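Let's start with one chain on its own, the form predicted alone, as structure tokens.
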């Protein structure tokens, strides 16, 4: 198709699940930090073990916030360890109130928010897969064998070391790598490690918890996968901002996308 041609790229289910998934993920991160505040440490162990502590966020008796990563301690007063209590004051807590849901410290309420938005994310994922499979364009997201030789040229194009990107469809090979990892690796692992943290799930399906090294280790994996997904979203937003942000945003609001010089038509 000619340059500037408008194509209907994103269906209503795709657009709705895209935005709901993003909102749910932000709420999950925020409520997850609220839950983390109740036990502000991560251990590479099957149970709580200070000798195998990977991360801890606390404060001294004089209210100096401290973050310790692999035994290296940093002063983080005002942000981590000691900061906003969510009620207009300051207190000893790992993550500040402005970053958590709810803002005030409550493990029970944090769990309620977390569980609600976990269901929102799972339902969005299910709708996305069903809609994509029905329309036949789910395959557009998946990395294929023929995409592998195009990964390096696409990287060179992004780094401005190559003038033209390799030929591709709706999604380029690097986007396919990211979406394949998120949809088929990170998202399932996030759900499974989250379930492994539940005492009820652990009692009924302990072998799954054991695969992750126990509940404390599952907590560490859950946190690490969250950081990876945050990295994905930051990269995704950065690329949208540099690859025609207005056109990209319109396509995720109206569904219509104006083809650029190197854009594939898609389905």
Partner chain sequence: MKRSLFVASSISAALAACAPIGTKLNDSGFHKVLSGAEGLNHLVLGTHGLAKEYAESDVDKDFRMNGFSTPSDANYNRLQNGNFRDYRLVIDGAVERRQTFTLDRLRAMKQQTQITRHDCVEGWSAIGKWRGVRLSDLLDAVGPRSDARYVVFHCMDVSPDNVPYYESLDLQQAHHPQALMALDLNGRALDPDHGAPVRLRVPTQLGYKSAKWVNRIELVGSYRNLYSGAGGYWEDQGYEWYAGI
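The structure displayed is predicted, hence computed values, not measured ones. Positions refer to the first chain, counted from 1.
Not pictured, yet referred to below: the form predicted together with its partner chain.
Exercise for the section: Could you check which residue among 69, 228, 38, 208 gets a heavy atom within 4.5 Å of its partner chain in the predicted complex? Expected result: Contact check passes for 38.
Exercise for the section: May I ask you to choose, among 174, 192, 80, 101, the residue with a heavy atom within 4.5 Å of its partner chain in the predicted complex? Expected result: For this set of options, the contacting one is 101.
Practice task
Spell it out for me: taking its partner chain in the predicted complex, does every residue among 135, 169 and 258 have a heavy atom no farther than 4.5 Å from it?
Solution key: Result no, not one residue of the spot touches its partner chain.
Practice task
Report whether the minimum heavy atom distance between residue 115 and its partner chain in the predicted complex is within 4.5 Å.
Solution key: Residue-level check for residue 115: yes, a contact with its partner chain.
Handout entry: in the predicted complex, residue 126 touching its partner chain (heavy atom, 4.5 Å)
Key = No, residue 126 is distant from the partner.
Handout entry: Contact flag, residue 159 vs its partner chain in the predicted complex, heavy atom cut 4.5 Å
Key = No - in the predicted complex, heavy atoms of residue 159 and its partner chain never come within 4.5 Å of each other.
Problem - residue 60, heavy atom within 4.5 angstroms of its partner chain in the predicted complex - result: Flag for residue 60 set to no.
Exercise for the section: Choose from 127 to 135, 101 to 109, 175 to 183, 69 to 77 the stretch whose residues reach within 4.5 Å of its partner chain in the predicted complex, heavy atoms counted. Expected result: Contact criterion met by 101 to 109 only.
Handout entry: Residues within 4.5 Å of its partner chain in the predicted complex, restricted to 200 to 221 and counted by heavy atom
Key = Counting only heavy atoms within 4.5 Å of its partner chain in the predicted complex, the contacting residues of 200 to 221 are 200, 201, 202, 203, 204, 206, 215, 216, 219.
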